[in-house]
Each structure stands twice: as structure tokens, then as C-alpha cells.
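Okay, so here's just one chain, in C-alpha cells, the form predicted on its own.
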Amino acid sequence: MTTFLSARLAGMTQSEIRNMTRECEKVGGINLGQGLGDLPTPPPVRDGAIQAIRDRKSTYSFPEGALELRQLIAEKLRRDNGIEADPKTNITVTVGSSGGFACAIMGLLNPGDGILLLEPYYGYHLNAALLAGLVPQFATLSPPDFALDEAKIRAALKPNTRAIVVCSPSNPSGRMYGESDLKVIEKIAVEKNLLVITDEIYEYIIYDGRKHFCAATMPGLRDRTVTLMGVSKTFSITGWRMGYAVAPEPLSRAITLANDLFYVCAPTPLQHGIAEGFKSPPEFFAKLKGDYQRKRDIICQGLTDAGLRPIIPQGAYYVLADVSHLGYPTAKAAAMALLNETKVASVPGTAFYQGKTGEGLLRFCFAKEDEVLAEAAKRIRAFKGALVNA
């Protein structure tokens, strides 16, 4: 019998993040590996979707999304991000920010084009690029500060490089890129005529009074940037798959076409649900930051007490911990040892690096209820002796 398998999938496997989730389920553990975001959905978002279903708002929306939602997104962009976007021509509601990324690279790049990723990267960006026939290139940012190094970026560029991906706040490092960082990106992108794709889904989950900065507000980046945002993390609805892409009209038109061809539209009742979320008062977003900063501190203290070395994140809801001093041969071995003894799952740092830097890191997700995090931290502390003696 003929084997039916696309050459696009050659050498590709399910991500280590999902593999660790499966391993965690086998032992009935606490999953701090995958970014599930299993906190309660805000009632206005939940009830808005339920009411939309009751009102039979269940047919297709436009490929670019329901106009009411796009208008609310445009107001939010102006208020919170300093971005002026026409809801009719610059915004596409997508099936998650990952769907927005897929539509952007399929609509704006060609097979064989190079796409530059900053390591540590989000694995979906890499795998989606490979599936699209792009050629990934890497500029490694070293822990613990993950400083943006112009020389490293320039050294990673190739003649076929057409785009650069910037994730801020970063998954997995929690690193945020400010105006000075983005000026480096602006300088290179203008000089080399690069498309800039920014993943800013964690824009509201930031700590210690920091301010989120959007690349699309930079003069040299405004006309060459696709801004990917979403609500999965903000409203704890990762399974709803709701995001949006913001771009200049010619780019947005191509993204919308790809969105139509792949997905037709994002789920219509859920669009109405998140529209209610965009009406939330400023106090909601302030509380969100405070709640996540408390969760960050719970897990980081637990890791510190256990002899692991957390790299305190500036944003997002992940923390990388340095385990290179513990003696395990690989990050996977360290992650499995932790899981088998404590039933707490993490993700090996190799899921986010091409080179050996990831072998000394584990990633933990802290989008959990405080009680669950406290229990996870307690278990990790109990593992301290085993780690030291490894």
C-alpha cells in the first residue's frame, strides 16, 4: 500500500511541550509545562459567548472578523498601544495568534525565503515556518539577560532573509523589548528591507511597573510590521483560539485572504464573547498584572529554595530556570527526573533552542491558581536533595 505522507512533515514531530503534557498526565501530576492558562474565564467574556449562541449568532462572519469586534480592537490599539488602525482595512481576527502567524507567513512570504528567529524562540514559529517552506535562521540570545545583540542578528542574516520574528514579552524567557531594542530591529529591517512579525500576545502580563512597547509605533517599522495579538492569555481562553493581526492595508489584505482560504473565519459566537472582554475597565488589566506577578513570585521562590536558578521574567507567564549546575546530561533528563519524583512537569529548554544552550534550562508555566502553584513549589522544594545528589 502506498504511504501517504507529505514531505513537508519530514523530520517534524510533536512539540516537546505537548510530549511533557502527556507524560504529566500519565503520572497525574501538576502540569507547569504547557501554557494552558487554566484560570477562570472572566464572566463577561463567558456570558457574551453564551448569549451569542442563544441569539443564533452562529453563521460565518466576514473573513476579517465581525465589524463590532474589529472596531473595539481598533479602540484598544489606539488607547493601549499607540497604534492607529482602520477596523475595515488593517485588522484581521484570526484563529488564535498562531493562526495569525500562519496567515502572515503564507500570505507575505514565499518558499525558500529566510525567516530570522531570536533564540530562545516559541516552537510554533519555527515549525509553522518549516511547514510553509521557509528557511529558519537563528540569532542566539544568551541567558540570563537575553540581550538583543545587533552583531549577532547581523551575523545570522543571509541573502535570502526576508523577515524577522520578535516575541515580546517572550515565550519562553519573559524578556521584554523596549524602545532601544526595537531601534536595533528598525535599523536592520530598514537597511535590509525585512518584514517584521511581532508576537505580542502577552502584552498585558507584565511586571514591576514595566510598559509594553509596540514595534509598529516606530517610524521605520510602521509600514513593514505585522503585529500579532490575542486574548487567549488575557482572558484565560486558550482553547477558544482567538487572536488578531494588525498590519498596513496591503499586508492586511493578503493576511485576510489567507485567513479566508485556510479557516474561513474565526468562530463567530466566540468573537462576540471576546468583544465583551474588550469593554473591560482598566482595573481588570491592572488586577491581571498584579495577580500574575504574585504567581510569578510564588514559583520563583519555590525554584530558588530548591536550588534551581530562576531567570526572573519581565513579562508573560513562564519562567526559565537554570539547571546546568545539577549534573543531568540533558534538559530532558532533568525534566523527567523532576516529574518522576515530584509529579511536577516542566519543559526542557531544548524545545526553544537549536544549540546546546537549551540543555541547561527548564521552562515552567505559572498560569495556575495560587493553591496549585503553592503545592507545585512545595513539591519542587522537596526535590532539592535529589537534585544536589544527582
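Quick note: we count residues from 1 along the sequence shown, nothing fancier. Bear in mind that the values here come from a model prediction, so they are computed numbers and not experimental data.
The discussion below concerns the form predicted in complex with ligand GLN, not included here.
- Of the candidate stretches 176-184, 189-197, 290-298, 120-128, only 120-128 has residues whose heavy atoms lie within 4.5 Å of ligand GLN in the predicted complex.
- In the predicted complex, ligand GLN sits within 4.5 Å of a heavy atom of Tyr202.
- Heavy atoms of Ala377 never reach within 4.5 Å of ligand GLN in the predicted complex, leaving it off the interface.
- Under a 4.5 angstroms non-hydrogen atom cutoff, ligand GLN in the predicted complex has Tyr318 among its neighbouring residues.
- Put simply, Gly35 is close to ligand GLN in the predicted complex: some heavy atom of it is within 4.5 Å.
- Three-residue candidate spot Asn171, Lys233 and Arg363; every residue lies within 4.5 angstroms of ligand GLN in the predicted complex by at least one non-hydrogen atom.
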